[in-house]
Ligand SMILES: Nc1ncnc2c1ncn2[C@@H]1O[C@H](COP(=O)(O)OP(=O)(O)OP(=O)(O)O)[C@@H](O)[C@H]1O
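Single chain ahead, by itself, as structure tokens, in the form predicted alone.
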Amino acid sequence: MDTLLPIQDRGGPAQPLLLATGLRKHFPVAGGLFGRTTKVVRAVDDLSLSVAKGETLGVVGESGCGKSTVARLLIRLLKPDKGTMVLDGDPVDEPHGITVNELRRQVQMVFQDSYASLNPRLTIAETLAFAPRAHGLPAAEARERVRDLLSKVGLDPANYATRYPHELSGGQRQRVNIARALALRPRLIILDEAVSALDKSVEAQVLNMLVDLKTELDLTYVFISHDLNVVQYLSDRVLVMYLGKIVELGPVEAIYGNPQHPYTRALLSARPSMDPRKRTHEAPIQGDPPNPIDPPSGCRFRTRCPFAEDVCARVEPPLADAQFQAVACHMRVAGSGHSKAMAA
């Protein structure tokens, strides 16, 4: 009998599967006398999000905006400097809550580098059986689970179980990583650029496989990618990050159909078009993101925003609701003092 049974829903569909509040992660930068820490990189700054059961939350933004740091905070590969996390009603790593090990029983992660994620000295079967065996699953049941996992990700157990990582293609290795993430029967899988290194035809196959697995196993995804088209295909909601902050959050149809934040509009307008009549003749957004060691005051996007005004430098915009979309922009806050804002 399989002793690693799936964990049941405890709080009902209305309760978020994962709720993070006020997450902060700053990395110290040595540079003072005797290497003392004088400054910090503000990778993630007071970020709050929720992930509903059964949904796919897409996370997008430029390189260096904090997407991967958020992923590592959610699975506690990094410990936040501040903030709390709740998994289906249970506080994480707090008194009367669940431990980090119990969190990782229910939350797994797939990384971008499919080869570096695997031990080159272990066969695929040994890799997939490791976590179930560590959690007490008998050897015979672990072998059966390995065969089942390989079948689920489209790899024939008879051909792939005894192979080593270097004998597989990039797409096959990433399928193995996805199978390993499923080995403990988690409820939430965080995919950090999991398909960005794959050939486009292989990427499409893996994406379709993820959609099928989500339905079959009742999974929830946090899907992090710089590819806006892939995020649009896979996601139910989209979270847009800029310099460690959320600038916009809402349903995928709203974000892609009617973006409210200037940064979101710039990202979407930068997508290449197949229509030669819609070629981009000038960059939709100018310059590089500011240094996260010393981010701009107020709105962090103001140094690149064509609509920036004095209030943008003085006051940080709240993440305000706007037609089911949460937007951090003074133009969307009534009475904010911005010339384009509505009157209070």
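Keep in mind that what you see is a predicted model, and the values were worked out from it rather than measured. All residue numbers are counted from 1 along the displayed sequence.
The same protein also exists as the form predicted together with the ligand; that form is not shown, yet it is the one meant from here on.
Asker: So which of 167-175, 201-209, 80-88, 67-75 is the stretch with heavy atoms within 4.5 Å of the ligand in the predicted complex?
Answerer: Of the options given, it is 67-75.
Asker: Any chance Gly54, Ala181 and Asp218 all have a heavy atom within 4.5 Å of the ligand in the predicted complex?
Answerer: Zero of three within 4.5 Å in the predicted complex.
Asker: Any chance Leu47 has a heavy atom within 4.5 Å of the ligand in the predicted complex?
Answerer: Because no heavy atom of Leu47 falls inside 4.5 Å of the ligand in the predicted complex, the answer is no.
Asker: Consider Pro292 of the chain shown here, and say whether it contacts the ligand in the predicted complex, taking contact as heavy atoms within 4.5 Å.
Answerer: Judged by the heavy-atom cut-off of 4.5 Å, Pro292 is in contact with the ligand in the predicted complex.
Asker: Taking heavy atoms only, is Val41 within 4.5 angstroms of the ligand in the predicted complex?
Answerer: Result yes; Val41 sits at the interface with the ligand in the predicted complex.
Asker: Taking 4.5 angstroms as the cut-off for heavy atoms, does Glu193 touch the ligand in the predicted complex?
Answerer: Residue-level check for Glu193: yes, a contact with the ligand.
Asker: With the partner left out here, which residues of 16-30 have a non-hydrogen atom within 4.5 Å of the ligand in the predicted complex?
Answerer: Sequence-ordered list: Phe27, Val29.
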